[in-house]
Every structure is written in C-alpha cells, then in structure tokens.
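Coming up is one lone chain in structure tokens, specifically the form predicted alone.
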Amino acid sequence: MKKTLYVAHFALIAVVFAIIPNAGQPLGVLDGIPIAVKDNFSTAGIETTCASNMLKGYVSPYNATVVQKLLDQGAVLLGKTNLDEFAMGSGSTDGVFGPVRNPWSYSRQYKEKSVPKSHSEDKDANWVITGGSSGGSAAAVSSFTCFAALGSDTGGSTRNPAAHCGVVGLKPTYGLISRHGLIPLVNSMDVPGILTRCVDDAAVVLGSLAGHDPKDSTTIQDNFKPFELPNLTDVSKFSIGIPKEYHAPGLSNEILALWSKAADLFKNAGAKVIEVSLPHTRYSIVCYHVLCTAEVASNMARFDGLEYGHRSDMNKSTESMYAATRREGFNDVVRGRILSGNYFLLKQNYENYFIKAQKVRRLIANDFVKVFRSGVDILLTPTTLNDAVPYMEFIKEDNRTRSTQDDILTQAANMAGLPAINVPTALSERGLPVGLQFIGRSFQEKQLLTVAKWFEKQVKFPMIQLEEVKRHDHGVFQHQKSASFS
C-alpha cells in the first residue's frame, strides 16, 4: 500500500512540474498547502453551484478575491465543498448534492459510546450532521482531507460546523476580508470564514487573505500586516466577559458546565473574569431573521433565468418563464426565505419590520461597544446549544426552526460586525466535539487569536481517531497531533 501511495505521490509531483510555471520556486506562506473552498465562492474554470439547481453548470469567468489570494500564496485547491443551498441552513443537509456527514460519526470516540437501539438497526444510521452551512469545509478539515478550508459566515455558518466537527472556525471582522466573488446571501453580514485544525493556522490564512480590495468597497482602506501569534504564558492582563444572556433556552447542561469550567480556567490563571450584560441579545434572533430574509429576497432576484444559471423551458410568457425558473431552480427553503423577505419589504410593512429591525441591530451593536469600553477584552460564550445530532433527528424539524435554534449564539456577532472564533474544547458524553466561542473587538484579531491560542493549549482537544483511515496509512497519523503549516 505504501509503495503504491509513494508512486502516486511522485507521479503527481511530475504532473505538477509539467503544468505549473516556475514549479519548484516558493510562491508564498501557503506554498503546496492543500486547501478546500466552499462552493459559494467563484472559481475561474470550475463550476460554482451554491449546491443549487439554479446554478447547475455555472462556471465563473473569474476567481473570488480570497481564492485568488490563496492561489497567489501557492495554495493547492483540492476542490469545492458542499453546503446548504445558497448557504441557507445550519446543518449542511439541504443542498442539491445531499447532506454532509460529520467525520466524527466514524470515529472510535463516537462509535464506542454510540450503542444501536436494536441488533437489526443499521450501524450507519446513527451518523451525525456537521452543522452548517459550511459543513463540507469543516468536514474536509476535520477528516484530514486538507489543512484549511474557506467557509462563509453570515449568522454562524463557519463557527457552527467548526464546533460540531472539532476544528477552529474564525469569522473575521466585517470588512477585513474581501467579499468579492462570494455569492451574496446577506451583504451587510456575509464574511469569508476560515477553518483550520489549530489557531496558529487560522492566523496564517488570515494573514494571506486580509486587507483592502478595490473590488469590494466595504473592505478596510489600510494595508493589513500579517502577524505571528505569541506563545502567551500570562493572561492576568486580560479581562474576560461572560455575557449572561448567552445562557439561552435549550443550552445543554453539559455545555453550560464546560462554559463555566472554561471561565474558571481563565480565573485560576489570573485573568479578570466578570459577568456582563448584552440586554438586547434577547431580540437578536428575531431581528436577524427579518434582516436576513429581506436581503435574501433582494439578492435572489438576480436569478431570473435570463443572464446565467438555470432557465426553464416554459415559454408562454416572460413572467411564466421567471416563475417556472425560480420554482425549478430553488428548493423550498430558499423560496420560503424569499417570500418572508418580500413580505417584510412590502410598502405597508417596511417601517414596522425592516426599519425597526435595523434600529434594533444598532442597539445590539451598541451593547457590545459598551461592554468593550468598560474594559472587557474578550467575551467567552458557548458556540452551540448542544453537540451534533443524528441526521434522522435533525430533519424532524424544518430548516427555519433549526436555524433559529442553531444561530442563536452566533448571529449577534455578525450583526455587530465583530470577530469571533470557535475553539474545539472537549468531547461530549457521546464522544462528539463541543466548542466554545470567543468574541473580540473590531479589527483586534491578533488579541482574539492570542487568547484563543492560549485556551487551545490549555484544553488539549483530542485528535479524531478515524479507524478506516488509520488502517490505510498508520505512519501518517503518528505525526498528526502536530500537523500544522504555521
């Protein structure tokens, strides 16, 4: 087996040297690093579908800015990853390519604690979801398919699957990374996300992607200077805030205990740990739903069957062709959000819903500003209400209900435009990953990641044990604990 693998490797190297100009010369810090990209980022010459029939067969003529930056730094694009259709979901279960399976479903840790209800039950029936909507990217990193992957984060779509798949998920400050070429969901909240196996790697990728882009007017004007994270030994100078509103309904006792234990970890290390209040958080999920669907309705209007993407054969009239195209191209989830958004944007509803939601969004953002001005450096919260649930259980509830539950702890950071990161923390009683979230001040990614790295070193999250993979090449896994390109 090893001989076959090595032969394949040498053959691949020969092909690379044959087709890539200047092969053998380093291009940047990501030179030769395998990276995956969520399938809502435009890739020149490669199909970009958003996991939807609407964009089946669509090939972009250009690369998204973040994709081009990765390639310029020498990264190797392994492929595009699955997602919920147009990134609308929290399970990565609603795309046209089918659901994404969480690699931890096939780990020794989960299998040892997952007991079939009956001898006749299919052993494969208990597989759990990845979370979403960047579940494909999280699964790719978690399963050692690649070292890093791009996701997108509108209400938690990078951090949620990162928590369920046991990887680091970073949502940068809004405007730090270009959105050019990211097919938009909610323009005012969308941010390219970064998924890696450790915090240091997230910092390296961030350094390659961040900075001004003339093609995206919302990006920062200043040049971004990449940074190397220090090995922090003293956290006594930091003030860690514990927002009481994040003790949300449905939060499992297991995650609540882990959250409390993490706070004690900082306190015992000398950090100042204080309870803080973000009073408008209780309204955030409703506010997010109104604003999200309103922008979705606007963004989805471009898919009319005329310019690109799917076009129905219905030719009775232009209007009938529009209707048939959107009925055939979008799934029920997308159509439902378009309907909700258009309702909120109706002339008679605009003031009562959209404008009020915008005002509440400002109050939510101001809550964070007040807390950080009070001296708090970092907020520590749960990322999800519980660990990953089995697919068959997840689909018992509709997408909107699930998204409301799963976004409740993450979407406020998007509405405030703040950086946030999921750090894998421990395994649940079922042998599945659980993560905690750190939220930082705007454009203070270095401080946020420094604290996250310290916490990562303290908790020593265990490596996934994939038995089927280990049998193929045990030698590779001898070094996986330190597998990092930073």
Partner chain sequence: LSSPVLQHNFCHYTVDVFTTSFTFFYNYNLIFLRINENIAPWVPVVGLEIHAQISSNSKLFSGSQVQFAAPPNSLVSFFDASLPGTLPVLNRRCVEAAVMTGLALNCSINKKSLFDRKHYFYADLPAGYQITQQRVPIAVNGRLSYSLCIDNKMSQMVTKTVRIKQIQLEQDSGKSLHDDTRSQTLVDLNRAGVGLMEVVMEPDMCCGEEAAAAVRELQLILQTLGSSQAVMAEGQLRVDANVSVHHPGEPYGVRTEVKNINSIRFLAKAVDYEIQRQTEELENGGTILNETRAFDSKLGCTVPMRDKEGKQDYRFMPEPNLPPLILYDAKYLPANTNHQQVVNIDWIHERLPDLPSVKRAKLVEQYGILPEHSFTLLNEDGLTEFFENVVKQTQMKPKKVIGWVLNDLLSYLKQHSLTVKESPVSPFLLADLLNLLEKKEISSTAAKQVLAELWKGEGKTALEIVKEKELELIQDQKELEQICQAVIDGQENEVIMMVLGRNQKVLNKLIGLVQRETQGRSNPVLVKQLLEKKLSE
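Positions refer to the first chain, counted from 1. Bear in mind the structure is a predicted one, so any value in this text is a computation, not a measurement.
One more form of this protein, predicted together with its partner chain, exists but is not displayed; see below.
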* **its partner chain in the model of the complex: contacted by all of D222, T281 and S374, heavy atom 4.5 Å** => no
* Asked: Would L77 sit within 4.5 Å of its partner chain in the model of the complex, counting heavy atoms only?
  -> no
* Taking 4.5 angstroms as the cut-off for heavy atoms, does E319 touch its partner chain in the model of the complex? -> yes
* Is there a non-hydrogen atom of E275 within 4.5 angstroms of a non-hydrogen atom of its partner chain in the model of the complex? -> no
* Asked: Should A294 be counted as a contact of its partner chain in the model of the complex, where contact means heavy atoms within 4.5 Å?
  -> yes
* Which one, F97, F227, Y106, Y350, lies within 4.5 Å of its partner chain in the model of the complex by heavy atoms? -> Y350
* Within 4.5 Å of its partner chain in the model of the complex, heavy atoms considered, which of Y391, Y174, W259, F238? -> Y174
* Which of 281-289, 382-390, 197-205, 306-314 sits within 4.5 Å of its partner chain in the model of the complex, heavy atom basis -> 306-314
* Within 142-181, which residues have a heavy atom closer than or equal to 4.5 Å from its partner chain in the model of the complex? -> Y174, R179, H180, G181
